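Quick heads-up: it's one chain on its own, the form predicted on its own, in structure tokens.
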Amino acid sequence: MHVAKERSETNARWLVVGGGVMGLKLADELSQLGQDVTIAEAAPQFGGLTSAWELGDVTWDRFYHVTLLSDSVLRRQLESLGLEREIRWVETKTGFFADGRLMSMSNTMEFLRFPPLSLFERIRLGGTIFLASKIRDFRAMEKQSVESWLRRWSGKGAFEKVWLPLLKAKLGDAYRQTSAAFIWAHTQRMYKARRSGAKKEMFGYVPGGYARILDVWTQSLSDRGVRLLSGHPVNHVRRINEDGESRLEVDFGDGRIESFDNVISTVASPLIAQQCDQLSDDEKAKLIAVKYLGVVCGSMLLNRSISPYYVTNITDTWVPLTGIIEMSTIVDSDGELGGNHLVYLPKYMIDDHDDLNEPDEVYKERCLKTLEQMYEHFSRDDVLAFRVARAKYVAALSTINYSTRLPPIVTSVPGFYALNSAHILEGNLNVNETLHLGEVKLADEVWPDFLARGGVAAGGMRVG
């Protein structure tokens, strides 16, 4: 962080809204700056998209997460918690389900033999990925659609046989609104996952998963005086002036009202627009205009593996899944999963899609039927537990010229800040990018604005 972490003798009262990794990171940084910090999370537990749950006899992440060797901010955060040295690194393999069969695409030779494409189409596909890895200016990429850019460089065959099915699996019809920055960001991250020399994909995890990381992190915050409030949704925030004192009044519902000097909201942009009615009409319009991808994700515990691949990409359009993630190709089955195997079955869709609300049993049955068709050896008798997690707001959709329409972090309401993952511009949504964003934007925008306003807590005490 660029802010000098010098503790001050006086504290401003800060509320961080949202207890995901962004909120935890902001609370962490502010507490190191000597501030009086409260963090409020609507859910019963902290962690947001990284939170864990019980699946049968196993406790693991509700959604799939891994650490890359290149995840420097995340690894630094884990180091501060005494956990980085425990990361277990595993070489991974990638599968493709195309033309009704499963195949490996984990190295260059397998890529060059990829059956759905002709040799010329494979060369153009590989050239497109290489080109995307070398581009540094994301703003040039966001000015054009992902379809037009991929068609230009990959050609009709590779686009329609590979890219289009993958885009539809990930984005649905929203791919038509998506900029080329989407594919650029994904390519950049995956290239960073490959070590120089060996060029192998190495993914890692902390034993105990994010349940352990979150336990250690929240305890560390609590030990440093951060006040952690779970089950505290923020309904309204408004600036009030009484008796010569200006403050932000926060309504948690059920008659729970508290006052703070500053509030940073990290929840989804449309929700921020609802939280603070004093925002300008333009600010509200920009917040509401941010479109998100949502997800329905099945977690399945089995008594045997279904494939050797961490991720299986799918180009057959009849498969109603974005991909298949076999977490037990990375996570130690015996040590973490009771000797069993964990598979995630995600389907991403736009945030207002009706299927985000379909019953769990309907989604489960669709998943099981699909797996029976994809894998001859799969039997639902092997399934020990199955749960469905869903989230309406996962990742902001990278639309054409997205960066030019972002809502401001420093709002027109003094002391109220809107900082969430929608401000990730040069990467895709992952824990490392989220932590990096929180660190940089607090240092470059929030803290300077606070100081420019006088760094004053209620009652006139100067901070900093």
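All residue numbers refer to positions in the sequence shown, first residue = 1. Because the structure is predicted, anything quoted here is derived from the model rather than measured.
Beyond what is shown, the protein has a form predicted in complex with a small molecule; the following relates to that form.
- Contact check for residue 42: a non-hydrogen atom falls within 4.5 Å of the small molecule in the model of the complex.
- Using a 4.5 angstroms threshold between heavy atoms, residue 69 stays clear of the small molecule in the model of the complex.
- Contact check for residue 331: every heavy atom lies farther than 4.5 Å from the small molecule in the model of the complex.
- The small molecule is not drawn, but in the model of the complex it has no heavy atom within 4.5 Å of residue 407.
- The stretch among 138 to 146, 99 to 107, 349 to 357, 232 to 240 whose residues place heavy atoms within 4.5 Å of the small molecule in the model of the complex is 232 to 240.
- In terms of contact with the small molecule in the model of the complex, the residue from 295, 214, 185, 174 that brings a heavy atom within 4.5 Å is 295.
- Checking 275, 269, 262, 340 against the small molecule in the model of the complex, a heavy atom within 4.5 Å turns up for just one residue: 275.
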